[in-house]
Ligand code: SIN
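In structure tokens, one chain follows: the form predicted alone.
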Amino acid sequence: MPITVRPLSYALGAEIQGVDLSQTLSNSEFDQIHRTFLEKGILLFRKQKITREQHIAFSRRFGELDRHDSLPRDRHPDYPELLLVTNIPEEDGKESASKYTGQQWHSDMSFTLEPSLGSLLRGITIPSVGGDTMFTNMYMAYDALSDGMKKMIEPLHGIHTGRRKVLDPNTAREREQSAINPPIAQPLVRVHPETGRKALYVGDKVSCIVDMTPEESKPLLDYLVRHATRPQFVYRHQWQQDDIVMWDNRCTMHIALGDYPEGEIRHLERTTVKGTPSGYYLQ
């Protein structure tokens, strides 16, 4: 069955049809998928009943996988390549460490020196309604800025942290995360290493601009995030069981909405493809 491509929205995204990710893809099939990934920024694969091993194997076709040393409490105990995005309580009954994962506009692993190339998230248990994820096209956001704004922000760096929207009630974990992941300065504008296009690189986890005070930084950062998430740049994904969604963290940003009934299970698992080094530790 030939591979077909269906656009997901005007701004970004494509559904890849005619593939079974439980089987090894030919080089020509993978090349077509990879080209679409670079062009569309997001890929959707529906009805993929695959194992964890198959999820990891397909992800490795795109590059080296992160073992999530920067998020040790969120990774699967037997598969460090898998990050758990789940609200299933811990064995001791405590709230899941990853219940609120992603509920800010962000790009994965931007708070590390090797921000993610791409992420592949598999929907295993989906709520009866909601649990959506929104994505935005950071190429389009950059291109839509005025020449004056582009010139002003191009030399600037934002300070990225791993802090979450809802602070972890486990203070030991918060201290651990701060020690593992000190703040990283990343450029506000990055050049995509494969396409050569410029994209905004901001988000809600950017706390400040280097050499500015938080008060000075806030109006500019708020404007850039608000601009980047305008409706015409955005795709909203409604999850189905056995979906796999892959996105390019170098030119997209995303947010988990948390819009599902309290008490229902939402369990997803993510592989993270390492990207090229970027940014620097603050002295």
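Worth saying up front: this structure is predicted, and the values here are computed from it rather than measured. Residue numbers here begin at 1 and follow the sequence given.
The same protein also exists as the form predicted in complex with the ligand; that form is not shown, yet it is the one meant from here on.
Inset, instruction - Could you tell me which of 24-32, 252-260, 216-224, 45-53 sits within 4.5 Å of the ligand in the predicted complex, going by non-hydrogen atoms? - result: Among the candidates, contact is made by 252-260.
Inset, instruction - Flag His106 as yes or no: does it have a non-hydrogen atom within 4.5 angstroms of any non-hydrogen atom of the ligand in the predicted complex? - result: Yes - in the predicted complex, heavy atoms of His106 and the ligand come within 4.5 Å of each other.
Inset, instruction - Spell out, yes or no, whether the shortest heavy atom distance between Ser96 and the ligand in the predicted complex is within 4.5 Å. - result: Close contact is absent here: in the predicted complex, Ser96 is far from the ligand, nothing within 4.5 Å, heavy atoms only.
Inset, instruction - Considering only heavy atoms, tell me if Leu121 and the ligand come within 4.5 Å of each other in the predicted complex. - result: Because a heavy atom of Leu121 falls inside 4.5 Å of the ligand in the predicted complex, the answer is yes.
Inset, instruction - May I ask you to state whether Gly102 is within 4.5 Å of the ligand in the predicted complex, using heavy atom distances? - result: So Gly102 counts as contacting the ligand.
Legend entry - in the predicted complex, the residue from Ala141, Val206, Leu82, Val85 that sits within 4.5 Å of the ligand by heavy atoms: None of the others qualify; the residue that does is Val85.
Inset, instruction - Counting only non-hydrogen atoms and a 4.5 Å cut-off, give the residues of 122-149 close to the ligand in the predicted complex. - result: Result: Thr133 alone.
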